[in-house]
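Here you get one chain, nothing else, as structure tokens; it is the form predicted on its own.
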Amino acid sequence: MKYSAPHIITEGAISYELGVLKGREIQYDFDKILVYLDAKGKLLFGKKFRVYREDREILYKLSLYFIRDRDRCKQFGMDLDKGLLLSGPVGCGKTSLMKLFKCIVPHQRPYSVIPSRNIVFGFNHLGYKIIGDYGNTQSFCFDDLGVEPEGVHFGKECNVMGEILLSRYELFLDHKIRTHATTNLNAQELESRYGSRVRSRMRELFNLVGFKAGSKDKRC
């Protein structure tokens, strides 16, 4: 599908202009992006959804990443060739934001948000085929990485997401396929869960973008 005006997104009868098109370049307006995110969030998650003022810094970083502002991302230490690892406390809004932000760039390659625990349940039922299924050239965001159970198929245990991350790393090296994830865990906890080898690969796979430790639970 081609988008003749990718900076204008229509939801129902309302059009949201996220910036201006100058030649082949879109000059985005962050405040207009926030207006759209708030409106789209209410459509996706219900009328109680809202964009929080205290999240403005992380929303700005995510906006820069998704609109592919290479120069400003570089100022924040973000590499556009890598995926995102969005971390933060339970309920701070990580999953909602990863589902939401891809909507501001409908002209870019989409990704599917998949709960990590569901992937493990699939492994328990179908076995190693599942690891192959997520080692393909599709784009994914693995949700709640690190708190999924250990995989067991016919009595044989497997660190399913660890194996998938290794496969995704190879895809990144060979084809520049990006992988995203959300997690409640810190770097030490992720290394304890997956081992130093996977943790090393994760540093190359992901830009780490984190909520502050005291971010409130928005589901309360």
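Residue numbers run from 1 along the displayed sequence. Everything numeric in this text was worked out from a predicted model, so none of it was measured.
From this point on, the text means the form predicted in complex with a small molecule, which you will not see here.
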- Task: Sort through 105 to 113, 89 to 97, 121 to 129, 67 to 75 and report the only stretch with a non-hydrogen atom within 4.5 Å of the small molecule in the model of the complex.
- Result: 89 to 97
- Query: Which residue, S63, N184, N159, S167, has a heavy atom that falls within 4.5 Å of the small molecule in the model of the complex?
  - Reply: N184
- Contact residue in the model of the complex, chosen from Y36, Y28, F45, F172 - any heavy atom within 4.5 Å of the small molecule: F45
- Does R50 reach the small molecule in the model of the complex if we count a contact as any heavy atom within 4.5 Å? yes
